[in-house]
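Here you get one chain, nothing else, as C-alpha coordinates; it is the form predicted alone.
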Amino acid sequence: MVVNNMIKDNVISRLMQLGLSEYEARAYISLLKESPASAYEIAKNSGIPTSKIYEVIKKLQSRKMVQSIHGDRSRIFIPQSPDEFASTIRLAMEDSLGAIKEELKEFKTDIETDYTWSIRDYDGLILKAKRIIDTAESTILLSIWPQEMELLLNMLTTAEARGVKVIVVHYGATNIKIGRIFKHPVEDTIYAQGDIRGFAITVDSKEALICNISRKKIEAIWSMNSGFVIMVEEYIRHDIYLVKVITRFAPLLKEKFGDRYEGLRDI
(Lines give C-alpha, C1' and ligand atoms only; values in the text may rest on other atoms or scores of the structure.)
Protein backbone atom coordinates (compact mmCIF):
# COMPACT_ATOMS: atom_id res chain seq x y z
CA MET A 1 0.00 0.00 0.00
CA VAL A 2 1.47 3.33 -1.10
CA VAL A 3 0.86 6.22 1.32
CA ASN A 4 1.68 9.81 0.45
CA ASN A 5 4.52 11.04 2.69
CA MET A 6 2.62 14.20 3.58
CA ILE A 7 -0.41 12.16 4.68
CA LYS A 8 1.87 9.88 6.69
CA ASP A 9 3.54 12.86 8.39
CA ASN A 10 0.12 14.32 9.22
CA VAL A 11 -1.03 11.03 10.75
CA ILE A 12 2.15 10.77 12.83
CA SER A 13 1.65 14.34 14.03
CA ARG A 14 -1.96 13.65 15.02
CA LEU A 15 -1.02 10.46 16.86
CA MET A 16 1.62 12.41 18.76
CA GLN A 17 -1.05 14.96 19.72
CA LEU A 18 -2.90 12.03 21.30
CA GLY A 19 0.10 11.23 23.48
CA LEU A 20 2.10 8.75 21.42
CA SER A 21 5.81 9.21 20.86
CA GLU A 22 7.06 9.53 17.29
CA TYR A 23 8.50 6.00 17.42
CA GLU A 24 5.22 4.59 18.73
CA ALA A 25 3.28 6.33 15.95
CA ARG A 26 5.68 5.09 13.29
CA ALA A 27 5.60 1.51 14.61
CA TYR A 28 1.79 1.45 14.70
CA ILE A 29 1.53 2.81 11.14
CA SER A 30 4.11 0.26 10.00
CA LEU A 31 1.98 -2.57 11.42
CA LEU A 32 -1.17 -1.20 9.78
CA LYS A 33 0.64 -1.32 6.45
CA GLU A 34 2.13 -4.78 6.96
CA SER A 35 1.13 -7.32 9.61
CA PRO A 36 1.71 -9.63 11.24
CA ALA A 37 5.33 -8.62 11.55
CA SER A 38 8.28 -9.42 13.77
CA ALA A 39 10.02 -6.78 15.87
CA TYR A 40 12.88 -6.74 13.37
CA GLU A 41 10.46 -6.18 10.46
CA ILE A 42 8.68 -3.38 12.32
CA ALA A 43 12.00 -1.66 13.01
CA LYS A 44 13.12 -2.06 9.40
CA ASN A 45 9.83 -0.81 7.90
CA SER A 46 9.45 2.15 10.27
CA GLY A 47 13.05 3.31 10.50
CA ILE A 48 13.15 2.79 14.27
CA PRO A 49 16.56 1.68 15.66
CA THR A 50 16.50 -2.03 16.53
CA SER A 51 17.86 -1.16 19.97
CA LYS A 52 14.62 0.76 20.67
CA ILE A 53 12.02 -1.41 18.99
CA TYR A 54 11.16 -3.73 21.91
CA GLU A 55 10.69 -0.76 24.23
CA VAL A 56 8.38 0.85 21.66
CA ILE A 57 6.38 -2.35 21.15
CA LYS A 58 6.03 -2.78 24.93
CA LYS A 59 4.54 0.71 25.22
CA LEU A 60 2.13 0.03 22.36
CA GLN A 61 1.07 -3.20 24.06
CA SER A 62 0.39 -1.30 27.28
CA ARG A 63 -1.86 1.01 25.26
CA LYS A 64 -3.66 -2.07 23.81
CA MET A 65 -2.66 -0.92 20.32
CA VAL A 66 -0.53 -3.97 19.55
CA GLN A 67 -0.91 -7.64 20.39
CA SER A 68 1.68 -10.40 20.11
CA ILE A 69 0.98 -13.78 18.59
CA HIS A 70 3.28 -16.76 18.21
CA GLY A 71 4.86 -17.27 14.81
CA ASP A 72 6.74 -20.26 13.55
CA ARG A 73 10.03 -19.17 15.06
CA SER A 74 9.42 -16.10 17.20
CA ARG A 75 6.79 -13.69 18.42
CA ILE A 76 5.08 -11.59 15.78
CA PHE A 77 2.74 -8.66 16.25
CA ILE A 78 -0.62 -7.43 14.95
CA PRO A 79 -2.16 -3.95 15.35
CA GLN A 80 -5.45 -2.87 16.85
CA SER A 81 -7.76 -1.81 14.01
CA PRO A 82 -8.03 1.97 13.35
CA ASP A 83 -11.77 1.94 14.19
CA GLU A 84 -11.20 0.20 17.52
CA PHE A 85 -8.24 2.45 18.31
CA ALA A 86 -10.25 5.61 17.58
CA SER A 87 -13.21 4.41 19.66
CA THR A 88 -11.00 3.44 22.58
CA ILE A 89 -9.19 6.79 22.54
CA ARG A 90 -12.47 8.72 22.28
CA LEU A 91 -14.07 6.90 25.22
CA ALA A 92 -10.96 7.26 27.37
CA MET A 93 -10.68 10.97 26.60
CA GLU A 94 -14.37 11.57 27.28
CA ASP A 95 -14.03 9.87 30.67
CA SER A 96 -10.90 11.85 31.50
CA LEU A 97 -12.34 15.16 30.32
CA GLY A 98 -15.57 14.61 32.24
CA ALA A 99 -13.67 13.86 35.41
CA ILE A 100 -11.18 16.73 35.13
CA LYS A 101 -13.93 19.20 34.25
CA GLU A 102 -15.59 18.53 37.60
CA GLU A 103 -12.30 18.45 39.51
CA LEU A 104 -11.13 21.78 38.04
CA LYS A 105 -14.29 23.45 39.33
CA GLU A 106 -12.76 23.15 42.81
CA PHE A 107 -10.15 25.73 41.75
CA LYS A 108 -12.51 28.06 39.88
CA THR A 109 -13.02 31.62 41.03
CA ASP A 110 -14.96 34.36 39.27
CA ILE A 111 -13.38 34.53 35.81
CA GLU A 112 -13.21 37.79 33.88
CA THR A 113 -14.97 37.40 30.52
CA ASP A 114 -14.36 40.87 29.06
CA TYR A 115 -10.92 40.07 27.64
CA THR A 116 -10.22 39.37 23.95
CA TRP A 117 -8.26 36.40 22.68
CA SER A 118 -6.08 36.71 19.55
CA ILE A 119 -5.68 33.80 17.12
CA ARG A 120 -3.00 33.92 14.43
CA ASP A 121 -3.02 30.46 12.87
CA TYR A 122 -5.62 28.83 10.63
CA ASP A 123 -5.89 25.55 12.56
CA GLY A 124 -6.47 27.51 15.75
CA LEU A 125 -9.22 29.54 14.05
CA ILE A 126 -11.06 26.43 12.83
CA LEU A 127 -10.66 24.66 16.18
CA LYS A 128 -12.09 27.66 18.05
CA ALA A 129 -14.99 27.90 15.57
CA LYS A 130 -15.76 24.20 16.03
CA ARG A 131 -15.75 24.58 19.81
CA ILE A 132 -18.11 27.55 19.60
CA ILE A 133 -20.51 25.65 17.33
CA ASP A 134 -20.34 22.56 19.52
CA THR A 135 -21.51 24.51 22.60
CA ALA A 136 -24.30 26.46 20.86
CA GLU A 137 -27.70 26.08 22.53
CA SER A 138 -30.11 28.28 20.58
CA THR A 139 -28.70 30.31 17.67
CA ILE A 140 -25.68 30.54 15.39
CA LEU A 141 -25.13 33.58 13.16
CA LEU A 142 -22.37 33.00 10.63
CA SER A 143 -20.68 34.91 7.80
CA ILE A 144 -18.51 32.52 5.82
CA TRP A 145 -16.76 31.63 2.56
CA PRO A 146 -16.83 28.16 0.92
CA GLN A 147 -13.36 27.17 2.17
CA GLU A 148 -14.35 27.48 5.83
CA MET A 149 -17.88 26.15 5.26
CA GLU A 150 -16.41 22.89 3.98
CA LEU A 151 -14.50 22.45 7.26
CA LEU A 152 -17.40 23.42 9.55
CA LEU A 153 -20.39 21.91 7.74
CA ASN A 154 -20.54 18.69 9.78
CA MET A 155 -20.46 20.64 13.06
CA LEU A 156 -23.20 22.98 11.83
CA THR A 157 -25.35 20.05 10.68
CA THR A 158 -24.98 18.43 14.09
CA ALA A 159 -25.90 21.69 15.83
CA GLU A 160 -29.01 22.08 13.70
CA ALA A 161 -30.00 18.48 14.44
CA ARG A 162 -30.05 19.24 18.17
CA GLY A 163 -32.36 22.22 17.63
CA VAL A 164 -29.98 25.14 17.15
CA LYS A 165 -31.17 27.78 14.67
CA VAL A 166 -28.44 28.30 12.05
CA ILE A 167 -28.41 31.49 9.95
CA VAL A 168 -25.65 31.88 7.35
CA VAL A 169 -24.39 34.65 5.08
CA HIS A 170 -22.54 32.66 2.43
CA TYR A 171 -20.06 34.28 0.03
CA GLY A 172 -20.41 32.50 -3.30
CA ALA A 173 -22.75 29.94 -4.81
CA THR A 174 -23.68 26.96 -2.69
CA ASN A 175 -26.03 23.98 -2.72
CA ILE A 176 -25.75 23.46 1.03
CA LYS A 177 -29.07 22.73 2.69
CA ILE A 178 -28.69 23.91 6.25
CA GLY A 179 -30.52 26.47 8.34
CA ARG A 180 -31.29 29.64 6.47
CA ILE A 181 -28.77 30.63 3.81
CA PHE A 182 -28.35 34.19 2.51
CA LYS A 183 -26.06 34.23 -0.54
CA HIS A 184 -23.95 37.38 -0.55
CA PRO A 185 -24.18 38.88 -4.06
CA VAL A 186 -20.93 40.86 -4.16
CA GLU A 187 -18.33 38.24 -3.25
CA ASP A 188 -16.24 38.74 -6.41
CA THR A 189 -15.86 42.46 -5.83
CA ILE A 190 -15.06 42.11 -2.13
CA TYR A 191 -12.40 39.44 -2.69
CA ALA A 192 -10.83 41.31 -5.61
CA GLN A 193 -10.41 44.43 -3.51
CA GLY A 194 -8.01 42.86 -1.04
CA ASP A 195 -7.57 39.13 -1.60
CA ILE A 196 -8.93 38.69 1.91
CA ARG A 197 -11.76 36.50 3.13
CA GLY A 198 -13.79 37.49 6.13
CA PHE A 199 -15.17 35.12 8.75
CA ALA A 200 -17.51 35.92 11.61
CA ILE A 201 -19.64 33.88 13.99
CA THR A 202 -21.73 34.56 17.07
CA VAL A 203 -23.40 31.95 19.26
CA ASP A 204 -26.39 32.50 21.56
CA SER A 205 -25.50 36.23 21.64
CA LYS A 206 -22.87 35.24 24.24
CA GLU A 207 -19.58 34.90 22.38
CA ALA A 208 -18.15 35.92 19.02
CA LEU A 209 -15.25 35.21 16.71
CA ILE A 210 -14.25 37.43 13.79
CA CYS A 211 -11.34 37.06 11.40
CA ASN A 212 -9.57 38.23 8.26
CA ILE A 213 -7.99 35.41 6.27
CA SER A 214 -5.34 36.01 3.61
CA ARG A 215 -2.54 34.00 2.05
CA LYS A 216 -0.01 35.73 4.28
CA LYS A 217 -1.64 35.76 7.71
CA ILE A 218 -4.60 35.14 9.97
CA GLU A 219 -5.94 37.85 12.23
CA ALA A 220 -8.76 36.62 14.46
CA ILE A 221 -10.28 37.82 17.71
CA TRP A 222 -12.56 35.88 20.05
CA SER A 223 -14.37 37.31 23.05
CA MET A 224 -17.37 37.07 25.35
CA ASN A 225 -17.34 40.81 25.92
CA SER A 226 -20.96 41.91 25.44
CA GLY A 227 -20.05 44.98 23.39
CA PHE A 228 -17.82 42.94 21.10
CA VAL A 229 -20.49 40.26 20.67
CA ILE A 230 -23.13 42.86 19.78
CA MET A 231 -20.76 44.46 17.24
CA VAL A 232 -20.06 41.15 15.47
CA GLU A 233 -23.71 40.15 15.55
CA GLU A 234 -24.79 43.47 14.04
CA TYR A 235 -22.08 43.12 11.40
CA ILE A 236 -23.60 39.81 10.29
CA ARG A 237 -27.15 41.15 10.50
CA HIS A 238 -26.15 44.15 8.40
CA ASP A 239 -24.94 41.79 5.66
CA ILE A 240 -28.30 40.00 5.81
CA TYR A 241 -30.11 43.32 5.41
CA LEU A 242 -27.86 44.08 2.42
CA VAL A 243 -28.61 40.72 0.82
CA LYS A 244 -32.36 41.31 1.17
CA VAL A 245 -32.15 44.80 -0.36
CA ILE A 246 -29.95 43.74 -3.27
CA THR A 247 -32.10 40.69 -3.98
CA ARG A 248 -35.22 42.84 -4.06
CA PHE A 249 -33.81 45.73 -6.12
CA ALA A 250 -31.08 43.99 -8.18
CA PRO A 251 -31.80 45.57 -11.61
CA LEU A 252 -31.90 49.10 -10.24
CA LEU A 253 -28.76 48.62 -8.13
CA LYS A 254 -26.79 47.08 -11.01
CA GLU A 255 -27.71 50.02 -13.20
CA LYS A 256 -26.47 52.39 -10.53
CA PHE A 257 -23.42 50.53 -9.12
CA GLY A 258 -22.34 48.06 -11.84
CA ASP A 259 -23.06 44.44 -12.67
CA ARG A 260 -20.96 43.23 -9.75
CA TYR A 261 -22.02 46.09 -7.46
CA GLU A 262 -18.43 47.35 -7.43
CA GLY A 263 -19.63 50.94 -7.01
CA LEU A 264 -21.53 50.00 -3.89
CA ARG A 265 -18.28 49.59 -1.98
CA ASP A 266 -16.68 52.73 -3.35
CA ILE A 267 -16.99 55.14 -0.42
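This structure is a prediction, so every number in the text was calculated from the model and none was measured. From 1 onward, residues are counted along the sequence shown.
What comes next is about the form predicted in complex with the DNA, which is not displayed.
For the DNA in the model of the complex, the listed stretch (236-244, 196-204, 215-223, 36-44) containing residues with heavy atoms inside 4.5 Å is 36-44. For a residue to qualify, one of its non-hydrogen atoms must sit within 4.5 Å of the DNA in the model of the complex; all three of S21, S51 and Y54 qualify. Contact with the DNA in the model of the complex, defined as a heavy atom within 4.5 Å, holds for exactly one of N175, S96, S81, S74, namely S74. Among heavy atoms of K59, some come within 4.5 Å of the DNA in the model of the complex.
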